[in-house]
Ligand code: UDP
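The chain below stands alone, shown as structure tokens; this is the form predicted alone.
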Amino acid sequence: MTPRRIELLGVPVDCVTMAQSVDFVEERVASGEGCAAVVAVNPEKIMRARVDPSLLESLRRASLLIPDGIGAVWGARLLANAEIGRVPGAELMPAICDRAAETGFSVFLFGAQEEVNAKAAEILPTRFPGLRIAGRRNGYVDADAMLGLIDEINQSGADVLFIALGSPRQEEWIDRYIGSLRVKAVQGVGGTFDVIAGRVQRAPAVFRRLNLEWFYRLLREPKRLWRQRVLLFFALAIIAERLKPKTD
């Protein structure tokens, strides 16, 4: 599957659904091609990439850019009339694990605190019977030990690597080391290990269905208001782009 790639405010995003994203990863594992980078795109990352050339280039080099935030979906539909669905990274990772349990490919967990990483590795096989955790390592790895970690990942025989270092650190890590990885796919998952381990609670289902997860987080943590002002800037930028006169 080769998804349609569009640009929102100069930042790429792929027109995919959750099912297509899982199929993409399974196809890459089966194909034996080089490692595919799966990276989430949301309004905050789009606005950062507009002023961070390094991040923008790393996004352009990714194999699959999932529309993680409802803002990215809304922008794609408004500006490109795109057939696109929201693909939250926190839901894509479990969906990949479910498919891995069914088909037999294995995963490696890298990132987060030791306790969180260990708990996620313990919970996932109980949630998805048959899932093989090829290895795991917390996110506190010194730069001079990184090549050793790469070797550990490769020696584990894992097919998919989940990396939880937060953004943009995880995108930078993927972009830097992907050429040395033998896994077939690597996904940046942000704080998903914390969710799986029960350290962080996602918004209730009703908020997720209404695409108001961001609003729930704001209600729980009002101090996020300053950070989430970027959502307003993103919306205004999308509207301004939509209102630009069309040229032949």
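Just so it is clear, the structure is predicted and the values come from calculations on it, not from any experiment. From 1 onward, residues are counted along the sequence shown.
Absent from the display: the form predicted together with uridine-5'-diphosphate. The rest refers to it.
Interface residue remark: residue 169 is counted as part of the site for uridine-5'-diphosphate in the model of the complex, having a heavy atom within 4.5 Å.
Though the partner is left out of this view, residue 158 does not reach within 4.5 Å of uridine-5'-diphosphate in the model of the complex, counting heavy atoms only. Among residues of the shown chain, residue 194 is one whose heavy atoms approach uridine-5'-diphosphate to within 4.5 Å in the model of the complex.
Taking the partner from the other structure, uridine-5'-diphosphate in the model of the complex has no heavy atom within 4.5 Å of any heavy atom of residue 93. For uridine-5'-diphosphate in the model of the complex, the listed stretch (186-194, 22-30, 50-58, 64-72) containing residues with heavy atoms inside 4.5 Å is 186-194. In summary, among the residues 87, 164, 100, 124, the only one with a non-hydrogen atom within 4.5 Å of uridine-5'-diphosphate in the model of the complex is 164. Of the residues in 111-127, those that come within 4.5 Å of uridine-5'-diphosphate in the model of the complex through at least one heavy atom are, in sequence order, 111, 112, 113.
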